[in-house]
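Just one chain is shown here, as C-alpha cells, and it is the form predicted alone.
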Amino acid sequence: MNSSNSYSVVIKKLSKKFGDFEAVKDINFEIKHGEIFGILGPNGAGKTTTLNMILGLLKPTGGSILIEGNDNVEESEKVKQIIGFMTQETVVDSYLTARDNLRIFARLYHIPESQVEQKVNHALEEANLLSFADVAAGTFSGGMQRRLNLVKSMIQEPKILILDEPTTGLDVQSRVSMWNEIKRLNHEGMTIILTTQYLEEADSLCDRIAIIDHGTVKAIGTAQELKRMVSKGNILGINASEKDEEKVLKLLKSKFGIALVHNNNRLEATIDSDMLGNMAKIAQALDREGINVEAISMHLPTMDDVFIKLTGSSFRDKAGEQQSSMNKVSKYGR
C-alpha cells in the first residue's frame, strides 16, 4: 500500500457491528486525490453504514479511516471541516430565502462572521442562484433546490465532497445539469465520493467504482476494468420459458458451438465479434424447431452485467432485497 499522503481517504480493515449483525466486514480501499470515486451497492449491502463512518456519524467497531491524513475518530473536528456532504433528500428550509439557508450553514460550520456574506454570495453565484438570493426556497423548482442543497454542503469549501444519490428524483435536464456541476467541481481539484442508483451515472462520472455487497467490497476498478471482469466479448442473452430452456441449450451447443449458462433468469454466453452474423441464423434455427423465446439480445458488457456477476442479480432487482438484514440493523438503531 502506498503512503496515505497519496490519498484523500484511506480505509483499513473497517468493520461495523450492530449487536450480532455485522453490517461492514473488514473492508479496505483508498480514494485518490482529485478523483470521482463511486460506492455502489444494493440496500442493506453496507454502503450507507460505510458512508456514515466516513462522515463520522457512526463509530467503527474496528479498523480505521484517514481523511487527508487525519483519523476521523480521533480528529473528528478537523475532519468535519474537510468533508462536505449532500444528502439524498433535499434539505432546505422552504420558508427561508436561499441566502438565509446558506447563512445558517455557514454559522453551523463556524465560519467567521466577517467571511459569511462573502462565502454565501460565492455559493449563490456557483449555483446560478444569485438573482434568486432573497426568494423563499420553497418556491424553487426541484433542480434549483438541488443546486442550493449542493452549494450548502460546500459552504466551508471542503477538500472532499460526498454526494449521496445526487440526482434522484430529478428530470433529465436537471440531472445533466448536476452531472456538469459535479464534473466542474472535480476539474477544479475536488475529490468526490458518489453513490447513485443509476448505473449509467456511475459509468459516466466515476474514475473508479467500488461495489459493496453483504458488507464486503466485491470489486474496485474503472468502469471498463469492471466490465472486462464480466466479459471480453459480446454477451448473447436468450429469454426462454422454463420448459424450453433445455431445448435452447442443446440447439445452440450442437449447431453453433455456443455453451449457454443460466444467469439471472435468462440464458447467456460470451461470443466473439465474428459470431455476430449468426444472430439471424440462431433465430431461424429456433423457429424451425418450434421453440418460442421471449427475447434474443446481443450487447457489450454493461455495469448491470457487472452487478449480475458480482451480486447474483441486477442492481435494480437487488435494491428491494436484503430486507431481513435491514430489519436486523433497524433493531439496533442503525
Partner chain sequence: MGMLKDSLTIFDREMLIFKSNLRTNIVRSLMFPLIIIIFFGNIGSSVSGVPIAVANYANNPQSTQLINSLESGSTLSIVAQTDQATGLDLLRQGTVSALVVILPSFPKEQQGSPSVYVYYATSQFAESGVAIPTIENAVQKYNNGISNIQITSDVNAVSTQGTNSSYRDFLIAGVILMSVAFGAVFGGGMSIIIDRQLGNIKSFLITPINKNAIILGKLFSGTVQSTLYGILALGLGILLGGSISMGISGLVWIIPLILFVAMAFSGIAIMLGSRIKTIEVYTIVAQSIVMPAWFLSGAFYPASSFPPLLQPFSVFDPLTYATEGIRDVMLNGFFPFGHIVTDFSAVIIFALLGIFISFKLFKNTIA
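Positions refer to the first chain, counted from 1. Predicted model only: the values in this text are computed from it and were never measured.
One more form of this protein should be noted, the form predicted together with its partner chain, which is absent from this view; the next part is about it.
Just one listed stretch, out of 197-205, 174-182, 83-91, 217-225, contacts its partner chain in the model of the complex at the 4.5 Å heavy atom level, and that stretch is 83-91. Arg107 is the sole member of His262, Lys253, Arg107, Lys232 with a non-hydrogen atom within 4.5 Å of its partner chain in the model of the complex. Checked against its partner chain in the model of the complex, the candidates Asp100, Glu246, Glu117, Asp71 yield a single residue with a heavy atom inside 4.5 Å, and that residue is Asp100. Put simply, Glu242 is far from its partner chain in the model of the complex: not one heavy atom of it is within 4.5 Å. A residue is said to contact a partner when one of its heavy atoms sits within 4.5 Å of a partner heavy atom; Asn52 meets this definition for its partner chain in the model of the complex. Its partner chain is not shown here, and in the model of the complex it never comes within 4.5 Å of any heavy atom of Leu130. Taking non-hydrogen atoms only, Glu188 never approaches its partner chain to within 4.5 angstroms in the model of the complex.
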